[in-house]
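Coming up is one lone chain in structure tokens, specifically the form predicted alone.
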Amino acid sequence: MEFPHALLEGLIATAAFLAPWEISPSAMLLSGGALVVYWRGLRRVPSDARPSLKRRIAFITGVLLVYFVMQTRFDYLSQHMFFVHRLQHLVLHHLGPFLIALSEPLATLASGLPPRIGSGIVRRIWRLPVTRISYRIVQNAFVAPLLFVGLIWFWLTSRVHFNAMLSAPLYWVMNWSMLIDGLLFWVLILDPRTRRQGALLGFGPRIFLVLAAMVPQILIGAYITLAEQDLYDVYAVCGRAWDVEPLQDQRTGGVITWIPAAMMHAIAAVILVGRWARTDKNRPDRVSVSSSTCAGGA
């Protein structure tokens, strides 16, 4: 049976698209290392403590999405189309970290680390006062949302964006800052624990923060979408990958900044409300009060 020529061409084109565009050892090490450590952790964690299939899929999908937008030809397109760039940052700052945080991977990753690295290096670094203080600062209820929204605004400032897209080191800093901040923010927001169990914030404050952080992003996205002038002429300098009018490219990018990001904040709020309701329902004091009320009524 002869292999279909069109199918062969499609497979070659797909492989070419998925191949690293500009090899970043840090991105490849992070993505590959995370998957290997997670796999090792799954093998070592007791079966009754193993994460569910949904959580495993969420983690693997989040990591692969981050790799996809940073290492494949998608990264090339993001440097030559504004709306693709906004899709890239939607993944780096929102979708990828959101899925990773939702998977609650820390226990599995810790189990997958070699003892010398886990206990010998990571734990020692975490116990350092400067590490704990720094983490508390960036995860503060006021700092975390300001940093989350502030980075979006900063990198979308016309002059800053122009320089970042023409400087390889600054472009690297831009993408990594979005990814790291996204991970910090969504880990804070989607922590399944209550305040009593060790979460930095209760469910109520986190619901408020995630909805409050949504509003400035809507405004930024609306401003870009409705602007009548080309705010990001760097794409004319670099050359667009496709023959699209600058304002159309910009408006599509503005809508991506506006609607999908806001939807993710709304989804996070719904998840938190559900967790809060289940936690409140299962509280021991609530159960005891309910039992005593029934006894009294009888």
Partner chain sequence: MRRFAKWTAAAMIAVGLLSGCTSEPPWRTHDIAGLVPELSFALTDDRGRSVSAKDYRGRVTLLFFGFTHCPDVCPTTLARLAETLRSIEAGRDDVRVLVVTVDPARDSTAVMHQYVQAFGSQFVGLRGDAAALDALTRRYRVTYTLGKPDAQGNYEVTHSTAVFVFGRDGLARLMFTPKDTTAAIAEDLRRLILASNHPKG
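Everything quoted here is computed from the prediction, not taken from an experiment. Positions refer to the first chain, counted from 1.
Here the subject shifts to the form predicted together with its partner chain, a form of this protein not shown in this document.
By the criterion of a heavy atom within 4.5 Å, residue 167 is counted among the residues contacting its partner chain in the predicted complex. For residue 103, no non-hydrogen atom is located within 4.5 Å of its partner chain in the predicted complex, even though that partner is not displayed. Among residues of the shown chain, residue 135 is not one whose heavy atoms approach its partner chain to within 4.5 Å in the predicted complex. Proximity of residue 127 to its partner chain in the predicted complex: non-hydrogen atoms within 4.5 Å are absent; the residue sits far from the partner. Between the options 74, 171, 223, 208, the residue in contact with its partner chain in the predicted complex by a heavy atom within 4.5 angstroms is 171. In summary, among the residues 177, 194, 140, 163, the only one with a non-hydrogen atom within 4.5 Å of its partner chain in the predicted complex is 163. Note on the interface: of 268-276, 225-233, 251-259, 39-47, the segment with non-hydrogen atoms within 4.5 angstroms of its partner chain in the predicted complex is 225-233. Residues from 235-250 that approach its partner chain in the predicted complex with a non-hydrogen atom closer than or equal to 4.5 Å are 236, 237, 238, 239, 240, 241, 243, in the order they occur in the chain.
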